[in-house]
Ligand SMILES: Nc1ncnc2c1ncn2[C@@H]1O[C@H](COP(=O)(O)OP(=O)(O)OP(=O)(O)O)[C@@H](O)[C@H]1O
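Single chain ahead, by itself, as structure tokens, in the form predicted alone.
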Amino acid sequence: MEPIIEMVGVEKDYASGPVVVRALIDAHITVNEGEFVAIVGPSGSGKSTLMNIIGCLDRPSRGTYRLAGYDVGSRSNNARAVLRNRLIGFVFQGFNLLPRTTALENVELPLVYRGQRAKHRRAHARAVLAQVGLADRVDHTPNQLSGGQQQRVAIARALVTDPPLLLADEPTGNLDTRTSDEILALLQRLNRERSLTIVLVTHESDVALCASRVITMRDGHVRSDVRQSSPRDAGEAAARAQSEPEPTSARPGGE
């Protein structure tokens, strides 16, 4: 497998008045195609800064970052945006769906920006929604969908441009435990069947256990980088939960 993410001595500083905050310090990270990596750490550990740099939303203050062989740090804002749109799909905790448009229209949107013809983009969006288990929900708006279904729409939207890298920022943060496992099982299946590279940021240890590799951040440093030979099977956990009684209460947005 070829590296899709290569960081050598990457650092990021932020000015806070007269003080310079070192948010990321000497990060050396390589992620190969087809890996499923979780980034964990407490608030202020540097994991969000790391994610922003990986996602081409920010550039490093020092060091080298290559995404699929492209040197990100040397590129302009517009050039980074081109890389981001071509190579990365984003999934967020809050779903970020357009409220008055259907699931199909939400998933189509990235293809509209690419100028694809309506017939082709609609067919592709339908196919991707079917892949995430929502073939029968294409005409539903977000308020007609559960939290787990909304996150599936968001994942489909991230996948519709066929990016080699999926970045997921706390994708289960608004979901109950059973629905979280269903979403994680979907991500594991996409990683396994499509060799999709996934980098997931989370503060929950049971979520990180579903990845094949866990990078732990603290005080701006990469404190550990551990491979997991037997990741937690979220699909098995979700199947067990299906046979249990419905919870009497759930976190907002859960099924």
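The structure displayed is predicted, hence computed values, not measured ones. When you see a residue number, it is the position in the sequence shown, counting from 1.
In what follows, reference is made to the form predicted in complex with the ligand, a form of this protein that is not presented.
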Contact stretch among 66 to 74, 205 to 213, 184 to 192, 39 to 47 - heavy atom within 4.5 Å of the ligand in the model of the complex | 39 to 47
Partner contact for Ser16 in the model of the complex: the ligand, 4.5 angstroms, heavy atom | yes
In the model of the complex, Ala238 touching the ligand (heavy atom, 4.5 Å) | no
Any of the heavy atoms of Ala23 lying within 4.5 Å of the ligand in the model of the complex?
-> yes
